[in-house]
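Starting off, we have a lone chain in the form predicted alone, written out as structure tokens.
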């Protein structure tokens, strides 16, 4: 028995549009040295899933550059390994459609799915970050002879989301008894899907056949919600940290959370038995000049820090000049902060130049975004 992994790279790109104008969701930089896709990839590799497919859509050049041959995840293999699949690349897929739903994405690679020899499939989005042993989930799935296993978390009182979530009711053994869509806490459906699924391959193939026959688009709305086989749907409740990154504000808050909360940081990045892998860059160490000040910050290699950095995330090659202050901000690779400038609640994309003596500020609930290659 074996498992094949599929990662959706573009879903929710509309709610992360500031960061996805020229990159896919999966390729969004995160936590000073990672991309969002690294978490899904590492969860699979750490669970001995070595046949992995990333379903791309558009703007995936930076994703291809990041993944390379897959060697940094030990996926440069003759058999299995990692593949980036795009709509229209299959011989029979003539329309090359741009998808908005999981089912559309799966339909676009139907020929690839029909070739699978594995008995189970893991499907995951790129915008829910966690460090999970998928082997336990797959064992649970097989022990229950399930068709679909949802990985879920407990909903919290007062929880609100912009995007409708799949809310689940399950019995004591995890068998799903009801599924609804919800944008807030629902005491009758206390479990929330984190958009990570284990499916039997047979169920996935049957679902695709039905989707083609009936022109279905949504995996959840058209297949899951109306399936007559719900008695074989199960919920695996994950009790550790899950960080949603489904909007620009959530992206900002997630990075800030990692700078301030060591327990969350350790739950995601600090498990030695399940490390999060990423592409390795041979960058020089960061230089901290005399008189600089750094506190509660995540800073990658190759930076030069001459000023003050507080509660911030700095990617490779960032320079903070003397007399400059960077607080509560996220600076992508190659950002330059001029002498005497002050940044607060800023997200700067790659290769931004901020001249001397500039003052820029957003708010914690509305961080200010600076587009790639801009000069201020």
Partner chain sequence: MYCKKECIAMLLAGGQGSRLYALTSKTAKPAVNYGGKYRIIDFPLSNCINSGIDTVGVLTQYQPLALNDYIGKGAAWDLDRIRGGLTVLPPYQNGKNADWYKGTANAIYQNIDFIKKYDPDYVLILSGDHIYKMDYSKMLAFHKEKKAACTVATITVPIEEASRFGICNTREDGSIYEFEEKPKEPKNDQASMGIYVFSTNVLLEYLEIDENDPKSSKDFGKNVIPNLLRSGERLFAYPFTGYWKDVGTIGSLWEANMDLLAEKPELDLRQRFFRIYSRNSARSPQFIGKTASIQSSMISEGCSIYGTVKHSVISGGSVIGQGAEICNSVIMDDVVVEPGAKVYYSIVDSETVIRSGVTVGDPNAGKNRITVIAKGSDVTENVEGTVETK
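Computed from a prediction, not measured in an experiment: that's the story for all the values here. Positions refer to the first chain, counted from 1.
Form predicted in complex with the partner chain: not shown, discussed below.
K.L.:
Looking at the partner-bound form in the model of the complex, is residue 164 within 4.5 Å of the partner chain by any heavy atom?
P.N.:
The answer is no: residue 164 has no heavy atom within 4.5 Å of the partner chain.
K.L.:
So in the model of the complex, does any heavy atom of residue 33 sit within 4.5 Å of the partner chain?
P.N.:
Residue-level check for residue 33: yes, a contact with the partner chain.
K.L.:
Do residue 300 and the partner chain share at least one heavy atom pair within 4.5 Å in the model of the complex?
P.N.:
It does: once the partner chain is placed as it appears in the model of the complex, residue 300 has a heavy atom within 4.5 Å of it.
K.L.:
Does residue 273 reach the partner chain in the model of the complex if we count a contact as any heavy atom within 4.5 Å?
P.N.:
So residue 273 does not count as contacting the partner chain.
K.L.:
Between 208, 85, 241, 294, only one gets a heavy atom within 4.5 angstroms of the partner chain in the model of the complex; which residue is that?
P.N.:
Result of the distance check: 294.
K.L.:
Go through 248, 203, 288, 216 and name the one with a heavy atom inside 4.5 Å of the partner chain in the model of the complex.
P.N.:
Selected residue: 288.
K.L.:
Hey, of 257-265, 148-156, 187-195, 126-134, which bit sits against the partner chain in the model of the complex at 4.5 Å between non-hydrogen atoms?
P.N.:
In short, 257-265.
K.L.:
Out of 231-257, which residues reach within 4.5 Å of the partner chain in the model of the complex, heavy atoms considered?
P.N.:
If the 4.5 Å heavy-atom criterion is applied to the partner chain in the model of the complex, 231-257 yields nothing.
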